[in-house]
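This document starts with one chain, in the form predicted on its own, laid out as structure tokens.
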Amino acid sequence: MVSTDQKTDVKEKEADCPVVVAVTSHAVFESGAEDPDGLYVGGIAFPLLQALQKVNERLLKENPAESLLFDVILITTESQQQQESSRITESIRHHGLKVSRFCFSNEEDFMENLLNNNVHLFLTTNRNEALQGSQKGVLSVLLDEHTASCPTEQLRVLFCGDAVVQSEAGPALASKQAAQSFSAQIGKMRGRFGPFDSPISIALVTSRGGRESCGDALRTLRSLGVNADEAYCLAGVPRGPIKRLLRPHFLLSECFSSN
């Protein structure tokens, strides 16, 4: 059974068009790691949450009435951490992270939390959880150890523009629609800032094909209202070196899938 959400003292944002991001507690905190005060130590998703927070701060600085903000939800499915819910909330406050809701559920029904909260982006380090989210039409990103070394002052999103052939209906179509919706919102956020000193950086990489493939991917992004800050046409060259250079918090590719 899904538990009742616990609210924090974060100032409530206007419900115009928030971008709801759900992240699992095991991605935010290192499993079993505590500081001398008994609080959880930051994990893989820590820099990403700090970057999301920085975007919100800059958006509100530009326009105090801004409603296009990230709304972060923390989801806990681990029974041990659920038994120590107060330590989780105290750890969040101690580290200065702004989380609007805490959701405690078991592994079987955590998906209900994602759907009920209209989550636009789900972040986890658990491959099975990411797969379940995608199958339900929730844009889900599997974070890895590289995310832990990403910047905290700027959100970096990397679009992989190589089209993937998928079926025309069901989970694949729902996942594509969710990715396009999220991408459009990110594009709007990026558009709030000028070309320099933006808290959001959007890059595009195409691994296959030549300039035509890269051009097609750029046009797809622009049709969603997304203007890339950088674009790389690798034409078969491995993208590992580019990823290490750009240090993106996560990759998105679903919005380029061809039906």
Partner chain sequence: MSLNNGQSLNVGGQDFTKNGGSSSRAPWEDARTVLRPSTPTRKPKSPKPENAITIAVSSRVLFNMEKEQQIYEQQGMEEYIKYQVEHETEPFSPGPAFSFVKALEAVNAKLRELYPESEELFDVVLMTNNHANVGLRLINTINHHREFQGHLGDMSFYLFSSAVLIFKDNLCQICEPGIAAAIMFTPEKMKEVSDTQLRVAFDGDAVLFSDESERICKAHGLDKFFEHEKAHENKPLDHGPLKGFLEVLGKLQKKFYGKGQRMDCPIRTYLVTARSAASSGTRALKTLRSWGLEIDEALFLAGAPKGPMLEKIRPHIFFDDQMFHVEGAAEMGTVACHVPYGIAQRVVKKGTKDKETPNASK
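Numbering follows the first chain given and starts at 1. Everything quoted here is computed from the prediction, not taken from an experiment.
The form predicted together with its partner chain exists for this protein as well; it is not shown, and the discussion that follows is about that form.
- Heavy atoms within 4.5 Å of its partner chain in the predicted complex map, among the stretches 23-31, 43-51, 227-235, 62-70, onto 227-235 alone.
- Highlighted residues Pro36, Arg93 and Leu97: none comes within 4.5 Å of its partner chain in the predicted complex, counting any heavy atom.
- A residue is said to contact a partner when one of its heavy atoms sits within 4.5 Å of a partner heavy atom; Leu251 fails this definition for its partner chain in the predicted complex, lying far away.
- Using a 4.5 angstroms limit between non-hydrogen atoms, Val19 is distant from its partner chain in the predicted complex.
- Proximity of Arg156 to its partner chain in the predicted complex: non-hydrogen atoms within 4.5 Å are present.
- Although the partner is absent here, Ile200 lies well away from its partner chain in the predicted complex, with no heavy atom inside 4.5 Å.
- Contacts with its partner chain in the predicted complex, taken as any heavy atom within 4.5 Å, map to no residue of 34-70.
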